[in-house]
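First, one chain by itself: the form predicted alone, in structure tokens.
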């Protein structure tokens, strides 16, 4: 059997929940097609520690597919991230009080890595299911990008990890109530979306051509 690894984050920035973990935890003990057991884990919202924990999980489970998920409060759709950049530049401290500014994540790493998920096929499939989704050109410079870059840096030297990437999801409705005017998405919709994403990653060998670019 070939494991799949899903990760979410602990709550941060005074939130009491993180939608990434709330949806990931629903996949505990699931198996896809009796062949792909799903392993789940919560990562701390901490620079350095999150990547160290992720590497331990990768070495332990030896997955062929990894999707890390994070909260992007204010975004109205599921964002399939295209690129991770080699910099930490924190607007706010992480949960350990760290606030790196203009720091390199991997000293000998390239400036950026691209996701190896079929990002445009995922977007099309989600839209076909009536779920708002788009390709995102930036995962930010906080812990989400830190983990995304760390994941792709590991994948670059471990060919058994065939597909890996990062996805941002909106607030849950309970959170949006505390942030008037912000978008949200129900946990059931997020769960369905993640299931569809996994299926697409397993079935779509080559990504599709789809216009998802931006002007600025």
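Residue numbers count along the first chain shown, from 1. Note that the structure is predicted; figures quoted are calculated from it, not measured.
Beyond the structure shown, there is the form predicted together with a further copy of the same chain, which is absent from this document and is the topic of what follows.
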If contact means any heavy atom within 4.5 Å, which of 151 to 159, 52 to 60, 183 to 191, 27 to 35 contacts a further copy of the same chain in the model of the complex?
-> 183 to 191
Taking heavy atoms and a 4.5 Å cut-off, does residue 212 contact a further copy of the same chain in the model of the complex?
-> yes
At the 4.5 Å heavy atom threshold, is residue 106 in contact with a further copy of the same chain in the model of the complex?
-> no
Examine residue 138 and determine whether its closest non-hydrogen atom to a further copy of the same chain in the model of the complex is within 4.5 angstroms.
-> yes
Please run the contact check for residue 77 against a further copy of the same chain in the model of the complex: heavy atoms, 4.5 angstroms, yes or no?
-> yes
Stretch 70 to 87 - residues with a heavy atom within 4.5 Å of a further copy of the same chain in the model of the complex | 71, 72, 73, 75, 76, 77, 82, 83, 85, 86, 87
